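Presented as structure tokens, the chain that follows is alone, the form predicted alone.
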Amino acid sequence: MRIVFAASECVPFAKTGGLADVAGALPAKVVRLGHKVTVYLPLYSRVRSLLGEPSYALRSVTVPFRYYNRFAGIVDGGIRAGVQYYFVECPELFDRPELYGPAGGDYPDNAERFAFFCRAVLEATKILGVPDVFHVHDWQTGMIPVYLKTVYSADPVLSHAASVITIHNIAYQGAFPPVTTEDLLLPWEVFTMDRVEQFDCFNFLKGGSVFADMLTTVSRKYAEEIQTPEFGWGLEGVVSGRAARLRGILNGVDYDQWNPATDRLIAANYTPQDLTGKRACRRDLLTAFGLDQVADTTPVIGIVSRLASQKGFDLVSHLGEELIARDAAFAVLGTGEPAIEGFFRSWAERYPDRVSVRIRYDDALAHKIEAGADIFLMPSRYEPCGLNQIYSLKYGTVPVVHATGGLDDTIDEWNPSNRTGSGFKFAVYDPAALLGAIDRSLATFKNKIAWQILMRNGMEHNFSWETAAAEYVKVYEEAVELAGTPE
């Protein structure tokens, strides 16, 4: 089978979130299953600097707009791990400091930028290879399914191609003024409630979700949640209406990068059979965060996150004094909302012997926290998939999580009676419920035999990409069968 991935970001080229990790890891795993995969990405300025002098697969691809044409070059990014990479070049649209907009905002022409990218991908594939399936990701590429079923529906080259859209975070939808319909040369009949219109806006994600042959999202629980008003962000009716074609597939993780047995960024390696190295990692973490005076009997709680209310840190800010009353130390790494950053800075200033904060992103420190902490705190209000709780399991760092999305799918509550489970969860999103989960973890930590069993339970879990890739291939096969058929 031939699959084209179209995404707005992908490691190692450009990243703002988990979408980039999926677009970077999944294609190679699908190739290993015997399929041919090509990835298309925008040629951002940061990508251009990585690639160096461009080698063109196509010098010029024409993309029409209402009053003018734009032109794209298709840069050959070569083959990596069996995957062919192409980059859509348009300097006036993509040579910018950020991917989507300045801090806290969006570029005003994002509708044109990403519609251009979508149509350039379609035109390029007509020359470089039409796939059986287009796998598109989030609102930025949601126009590909729309175009396939409208503008290109009679194209003899593309009319039989199927499409799959993956919703990584339904809160980000790409909503633009109604005139976008004309700007993108689409017929006005697509601007209706059952197609792309949402609250009198042209909604890219809604369009992709309506027109795609299959839909996926990044965990089974999140697939259920986005069909509800609480988590659907206004699109719950659209998603529930297509539930028969929706699949929740948990993201995998790269155990080549996140494995305490081989990790080169941590003080000592260790395995479930020999946990000795974790003690060295804990000492190294405390030194790195200036918490050397923390007693061996005091559990270290680690946080690596975007510091935002969505990540549950509004709850933590309500519990500052009560958490300090517990016997625990905190190592915090991340950046985010000024109010949440301010809370953590203030907390660390008031209790420097118990709380240490680094307001930045640092990959080496992230590895140190995963390896050296005893408990990992991830109280997200909602979390489509989440990766850090999965890393934590592998490192024997017991997660405390809110039972939502992928957090609920990946963490099982510790049962002291039969000694099963891998962490601690709270169901009701409020400070008291979070504190209860933390208290259960602290109480269990005092029982060293139970704690080592709990650690090993988590370390034995396997959330590799191989499992997810096989599930995606099944979705591609379903999409090909369903392409063009009514629901």
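If you superpose the two forms and keep the largest set of C-alpha atoms that fall within 1.5 Å, you have the rigid core. We number the residues from 1 along the sequence you see. All values reported here derive from a predicted model rather than from experimental measurement.
There is another form of the same protein, the form predicted together with alpha-D-glucopyranose; it is not shown, and what comes next is about it.
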Given that the partner is absent here, does residue 384 sit within 4.5 Å of alpha-D-glucopyranose in the predicted complex, heavy atoms only? yes
Taking heavy atoms only, is residue 306 within 4.5 angstroms of alpha-D-glucopyranose in the predicted complex? yes
Although alpha-D-glucopyranose is absent from this view, report whether residue 218 comes within 4.5 Å of it in the predicted complex, heavy atoms only. yes
Any of the heavy atoms of residue 468 lying within 4.5 Å of alpha-D-glucopyranose in the predicted complex? no
I need to confirm a contact call. Of 317, 198, 259, 310, which residue comes within 4.5 Å of alpha-D-glucopyranose in the predicted complex, counting heavy atoms only? 310
Between 140, 203, 125, 169, only one gets a heavy atom within 4.5 angstroms of alpha-D-glucopyranose in the predicted complex; which residue is that? 169
Suppose contact means a heavy atom within 4.5 Å; in the predicted complex, does that hold for all of 18, 22 and 251 with alpha-D-glucopyranose? yes
Testing 207 to 215, 81 to 89, 384 to 392, 290 to 298 against alpha-D-glucopyranose in the predicted complex with a 4.5 Å heavy atom criterion leaves exactly one stretch, namely 384 to 392
Rigid core superposition, residue 195 Cα moves 2 angstroms or more between this form and the one not shown: no
Threshold 2 Å Cα movement between this form and the one not shown at residue 404, rigid core reference: no
